[in-house]
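Given as structure tokens, the chain that follows is alone and in the form predicted on its own.
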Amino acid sequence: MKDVQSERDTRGVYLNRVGIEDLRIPITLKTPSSGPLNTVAEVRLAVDLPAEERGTHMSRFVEIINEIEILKPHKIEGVLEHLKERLGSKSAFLDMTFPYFIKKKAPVTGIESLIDIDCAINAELIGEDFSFFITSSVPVTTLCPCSKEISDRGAHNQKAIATITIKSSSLIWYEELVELVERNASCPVYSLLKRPDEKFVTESAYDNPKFVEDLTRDIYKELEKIEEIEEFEVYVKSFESIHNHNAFALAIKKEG
């Protein structure tokens, strides 16, 4: 049969990335202590395309991603190398987003429940240069220091999402990033709370007020201390409870 994708293109436009996205697949992730975690990932796979080639072979992306059973970070480079070889490309890219479930105990009653954390893996192999990033978006509570200072009764608080993206020379578990964020917030959030727990988290947040700027800087300073982390980005978004807008802060540390 005629291979239309392999026809020569004369427009002279190099494509940085071509591929598939919005593909959902079941994946199994390794965890530090609770055994394998089954979840569903949304995947984007891509390669570069030379100016003289009309198209790539889209079906091969699905074939390659279907070969992954248990997702192991140290295997990702091999997946991208395989992708380059199958498609005759110089560069390959993999992006995955997925919910990651962690068991948490309520702070007073100790009742256990699952909380889902939005996580991601982003990897690229450009020539022989491999880069690998992981991202974790952690929900927390923040309480406004200004509101506490000027109010006679209470202070406004809200949920915030702290998103950390890191490039590391060794394995960092998602659980470690979650714990790092939570200990710097006004208070963690939980899926299940009884009244004693609710009293505890309300008072804990009141005793530990944080601006969105405070939380971003505190997370940054902790990440800076971890030698294995080569570069990182901290983005905190506060879903304001008394304003018709939200607040955010961003801090970035690049290699070198």
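What you see is a predicted model; the values in this text were computed from it and never measured. So that there is no doubt, residue numbering starts at 1 and follows the sequence shown.
The discussion below concerns the form predicted in complex with a further copy of the same chain, not included here.
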| message | At 4.5 Å between heavy atoms, is M96 in contact with a further copy of the same chain in the predicted complex? | response | no
| Within a 4.5 Å heavy atom cut-off, is E112 in contact with a further copy of the same chain in the predicted complex? | yes
| Counting only non-hydrogen atoms and a 4.5 angstroms cut-off, does G154 reach a further copy of the same chain in the predicted complex? | yes
| message | Can you tell me whether D116 touches a further copy of the same chain? I mean in the predicted complex, with a 4.5 angstroms heavy atom cut-off. | response | yes
| Can you pick the stretch from 76-84, 169-177, 139-147, 123-131 whose heavy atoms fall within 4.5 Å of a further copy of the same chain in the predicted complex? | 139-147
| request: Any residue of 218-236 with a heavy atom within 4.5 Å of a further copy of the same chain in the predicted complex counts; write them all down in order. | output: D218, Y220, K221, Y235
